[in-house]
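To begin, one chain is listed below as structure tokens, in the form predicted alone.
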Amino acid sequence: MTQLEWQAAVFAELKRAGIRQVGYVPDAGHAELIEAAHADNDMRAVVLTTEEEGIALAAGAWLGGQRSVLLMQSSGVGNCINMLSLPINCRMPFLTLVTMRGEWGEFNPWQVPMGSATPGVLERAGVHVHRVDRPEDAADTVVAAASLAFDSRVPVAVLFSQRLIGAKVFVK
């Protein structure tokens, strides 16, 4: 399964889960999902200036009767820690898909600390964490995560490993 195929399957499952709003900070790892959301008339893709705005967007969407997802990179998780108290304390669902950095073949040493800390930081903040390392597991994991988030009203993160999305390469 190619990267385009598994991302298309993930997008199809987001639609099937009733996602209507997609908040994102631009990220090459989520490029296919972002483009698909912009092209879909049933979804509203919202570019954010910082990741924690996506948590507020998700809360507002839920209060307005819609479901949302936040697309971000692992380096943005640290920006969200305080804001994660909103869905936890208000028992609102929150779904985020996180592309990992600082792992497989990373060229940028600045990405390694947060990439290593991301799963533990999210778990300690009260977020249920699922990880995808194989393309064939991506769509099913998103289905399970969306079900957990929206049916149980808890925050859930799906981490897409750097090996899955492909290591970024520094180009001179």
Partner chain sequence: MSEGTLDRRAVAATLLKDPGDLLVVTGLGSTTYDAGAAGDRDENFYLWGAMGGAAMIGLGLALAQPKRRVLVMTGDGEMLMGMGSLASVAAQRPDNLSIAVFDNARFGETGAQRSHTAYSTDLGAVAAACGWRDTVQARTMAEVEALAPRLRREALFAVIKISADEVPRFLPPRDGAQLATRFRRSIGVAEP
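Positions refer to the first chain, counted from 1. Since the structure is predicted, the reported quantities are computational estimates derived from the model, not experimental observations.
There is also a form predicted in complex with the partner chain; it is not shown, and the following applies to it.
Which one of these stretches, 27-35, 57-65, 139-147, 119-127, sits within 4.5 Å of the partner chain in the predicted complex when only heavy atoms are counted? Comparing against the partner chain in the predicted complex, the contact stretch is 57-65.
Please determine whether K15 contacts the partner chain in the predicted complex, using a 4.5 Å cut-off between heavy atoms. No, no contact at 4.5 Å.
In the predicted complex, Q162 touching the partner chain (heavy atom, 4.5 Å): Q162 lies outside the contact set for the partner chain.
Any chance M114 has a heavy atom within 4.5 Å of the partner chain in the predicted complex? No, M114 is distant from the partner.
N108: touches the partner chain in the predicted complex, heavy atom cutoff 4.5 angstroms: Looking in the predicted complex, residue contacts with the partner chain do not include N108, since no heavy atom lies within 4.5 Å.
Let me test this: is every residue among Q3, I19 and M72 within 4.5 Å of the partner chain in the predicted complex, going by heavy atom positions? No, none of Q3, I19 and M72 comes within 4.5 Å of the partner chain in the predicted complex.
Even though the chain is shown alone, can you say which residues of 30-57 have a heavy atom within 4.5 Å of the partner chain in the predicted complex? Counting only heavy atoms within 4.5 Å of the partner chain in the predicted complex, the contacting residues of 30-57 are R44, A45, V46, V47, L48, T49, E53, A56, L57.
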